[in-house]
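The chain that follows stands alone, in the form predicted alone, written as structure tokens.
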Amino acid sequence: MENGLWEVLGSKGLLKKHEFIRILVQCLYSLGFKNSASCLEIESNISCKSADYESLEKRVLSGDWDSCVAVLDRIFDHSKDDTRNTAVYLVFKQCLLEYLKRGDVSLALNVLRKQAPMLRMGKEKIHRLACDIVYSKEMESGEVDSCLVQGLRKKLLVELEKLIPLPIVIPKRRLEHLVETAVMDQIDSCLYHNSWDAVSLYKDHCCGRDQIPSETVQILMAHKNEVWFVQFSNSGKYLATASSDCTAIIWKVLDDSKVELKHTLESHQNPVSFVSWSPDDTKLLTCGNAEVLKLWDVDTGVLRHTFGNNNTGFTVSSCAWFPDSTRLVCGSSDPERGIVMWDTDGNEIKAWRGTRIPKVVDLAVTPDGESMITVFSDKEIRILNLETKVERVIPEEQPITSLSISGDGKFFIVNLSCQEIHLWDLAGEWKLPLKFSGHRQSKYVIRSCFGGLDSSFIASGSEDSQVYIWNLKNAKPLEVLSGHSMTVNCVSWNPKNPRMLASASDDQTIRIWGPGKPNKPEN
């Protein structure tokens, strides 16, 4: 064993052989291979448990409390620090509990008088300790239960393990933790990772472009003019599109990821530029910069309500739902109309109007319904906590054209006319945003979205007729998807299928994108 202390493993010579074997033995025990673990201990002469810990374990399980304290003093090198005192305190507490359980009150008092000064315990703390023991559930039954006592002693060992320093004890499941950490590091460095599947340990992890949507798998051509907006439903089972042909379309996503037309929504008199799904996917809102807000039944395609009318000029530029699917909020491009919260019957619940509310460009409600994020025409983003009424303002230097929130509600992105996408945290901990660039945007409203596994990607349309995809770890595009022949106005990533993306373009089509071809052919 003396020589083994200096032996190393691995090509870099960074792994100590005796430590590696020790955690390997621990792993075998934790997996239930007790015989194999024991054989390895005997053959290597390396025990999973250190001599000091075995000594402590033996004395705890036998109730030899004075010897327990002596072993702890040796483990902590006779230090009187807080960790050592906490460990002794736990032993002391277990000792008192057992004495009182057996009715040995005089013994318990003697222990209390002897140990309390050593632990620097004041009268108040001693009194609280006594109350905790006397009124604990372990003291409820009158008879001494040996199984209960052994169970409590094993729990004490677990608590002591958390306090005892390395290498006297090894953290639980150490080998699994090390392997999992190594795998997570590989996943974090993999820009294409986009799968919930378990990762193989037989080779280093590295995904290819077949993990993200990068090939056109279907082209939808039901609209008769430019398509300005596209959005998957929250369940991923539907897709909605809006067009300058004054219609919106609800599409059904089939089990094989093919998309078929379900309903064409015809009631608007002007181009439709925005849609929003209710969280339960039973209702759809449609609106446009020169249009009113309309509510549709998804199952039947029937118009359920029109909010305001064209004659009153209540035009809506954007809208969003609250989590209960019974309330919604909309923002108008007319500053006098401001922002209004409605119920689904058209009753106004609350409104934000006045000189502080300029033209609304886009708005969204966080998934928990606590905050409303609004983009205004004066290059401002305002985040309003609807419960506390606290508002945070984020100024941008360039005009903002659109807004999108991540699935977990922790982040949001805005598209700027300076050909950048800015990523902000909702909590307000960042002073500066993460910036993504590479796409083209200077004249039109271009929309982007989060997508993929854990919202790890951003996708955006572009004025150069292409779709751009970034990994959040890299400011430069990961993929540039070609296929459209005119400006791509909007993109949407299926929230339930990380390998399905939709894009809407001025070429009057919607493209559905699926997994691309692998970077390297597999054997």
Partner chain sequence: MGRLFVIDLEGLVYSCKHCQTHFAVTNDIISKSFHCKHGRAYLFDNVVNVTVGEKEHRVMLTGWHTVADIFCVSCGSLVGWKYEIAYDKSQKYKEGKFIIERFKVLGPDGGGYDMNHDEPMTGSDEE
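The structure presented is a predicted model; accordingly, all values stated were derived computationally and were not measured. Numbering follows the first chain given and starts at 1.
Keep in mind that the form predicted together with its partner chain is missing from the display, and what follows is about it.
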Fill in the blank from the handout: With the partner omitted here, the residue among 203, 431, 443, 389 that in the predicted bound form has a heavy atom within 4.5 Å of its partner chain is 443
Problem - Interface residue in the predicted bound form among 401, 85, 234, 371, criterion: non-hydrogen atom within 4.5 angstroms of its partner chain - result: 401
Problem - Any non-hydrogen atom of residue 494 within 4.5 angstroms of its partner chain in the predicted bound form - result: no
Practice task
Mark residue 462 yes when one of its heavy atoms lies within 4.5 Å of a heavy atom of its partner chain in the predicted bound form, and no otherwise.
Solution key: no
Handout entry: Residue contact check: residue 289 to its partner chain in the predicted bound form, 4.5 Å heavy atom
Key = yes
Exercise for the section: Determine whether any heavy atom of residue 506 comes within 4.5 Å of a heavy atom of its partner chain in the predicted bound form, and answer yes or no. Expected result: yes
Problem - Partner-proximal stretch of 445 to 453, 162 to 170, 320 to 328, 182 to 190 relative to its partner chain in the predicted bound form, 4.5 angstroms, heavy atom - result: 445 to 453
Handout entry: Heavy atom contacts to its partner chain in the predicted bound form at 4.5 Å, residues of 266 to 282 in sequence order
Key = 273, 274
